[in-house]
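Read the single chain below, which is given as structure tokens and is the form predicted on its own.
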Amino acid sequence: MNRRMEMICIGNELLIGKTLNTNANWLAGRVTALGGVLKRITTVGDEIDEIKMAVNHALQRRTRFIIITGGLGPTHDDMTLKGVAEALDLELVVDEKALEMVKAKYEAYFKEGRMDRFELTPSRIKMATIPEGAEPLPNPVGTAPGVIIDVKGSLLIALPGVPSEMKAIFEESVKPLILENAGEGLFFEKSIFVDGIMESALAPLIDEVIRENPYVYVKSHPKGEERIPHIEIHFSTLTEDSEVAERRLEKAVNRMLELTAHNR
């Protein structure tokens, strides 16, 4: 199974520090838990050439899933799909399925009294304008549909930047695809905390645990200061069997506790 994944986050607000990239954090944890292997997170601004370049680079690496967040809305700086279309040398077209999705949303807003009148303005039609051959993905909580297109075996998926919309489309439409491609492999993890040992002294102990437990990934995360060490040690493994995962993690954790006890 091809579990390789990349993420492209789009938005000037991410690059200038105005907005914290919580989408990347949530998606990274979610796809990992589902058995995907995230290899890269790229952040670019609302510029067609930058989006085009990021998409092309991800495709060149033959990544199975390329998840893009942001830039699907109705405003002038929502350029994601134009950048994708240029990267793939495709035309942007008003997709009938996408237009029906957008239309249904605004009709519902009008009936709910959230709009004075129902009208499909150019800005609203823009959200139904997608690369030719792409498929729209329903947006359960917002207006702009997500988009998916198969590019020579790479699934390129564009999701809105609004976190609630991104999460809703992911859970409904993207999660099943990841599970299908990841097979039965799932991500399991445990953490312990160690005090009083500097990370430089902990490094050879981690190396020893990794050598003895080749199916467990071990990573240290300092939480304190150099003079008052407080370090999280994170253990993870990928397997289809929860009992196997438990045995792997327990063995690695116990060995680490044994080594750190002797090195305080």
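Quantities reported herein were computed from a predicted structural model and do not represent experimental measurements. Start at 1 and count along the sequence shown; that's the residue number.
In what follows, reference is made to the form predicted together with a further copy of the same chain, a form of this protein that is not presented.
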| property | result |
| --- | --- |
| Three-residue site Arg4, Gly29 and Val141 fully in contact with a further copy of the same chain in the model of the complex at 4.5 Å by heavy atom | yes |
| Distance check, Phe118 to a further copy of the same chain in the model of the complex, heavy atom within 4.5 Å | no |
| Touches a further copy of the same chain in the model of the complex: Lys97 (any heavy atom, 4.5 Å) | no |
| Close approach of Leu15 to a further copy of the same chain in the model of the complex, 4.5 Å, heavy atom | yes |
| Contact flag, Thr22 vs a further copy of the same chain in the model of the complex, heavy atom cut 4.5 Å | yes |
| Any residue of 31-46 that, in the model of the complex, places a heavy atom within 4.5 Å of a further copy of the same chain | Thr32, Leu38, Lys39, Arg40, Ile41, Thr42, Thr43, Val44, Gly45, Asp46 |
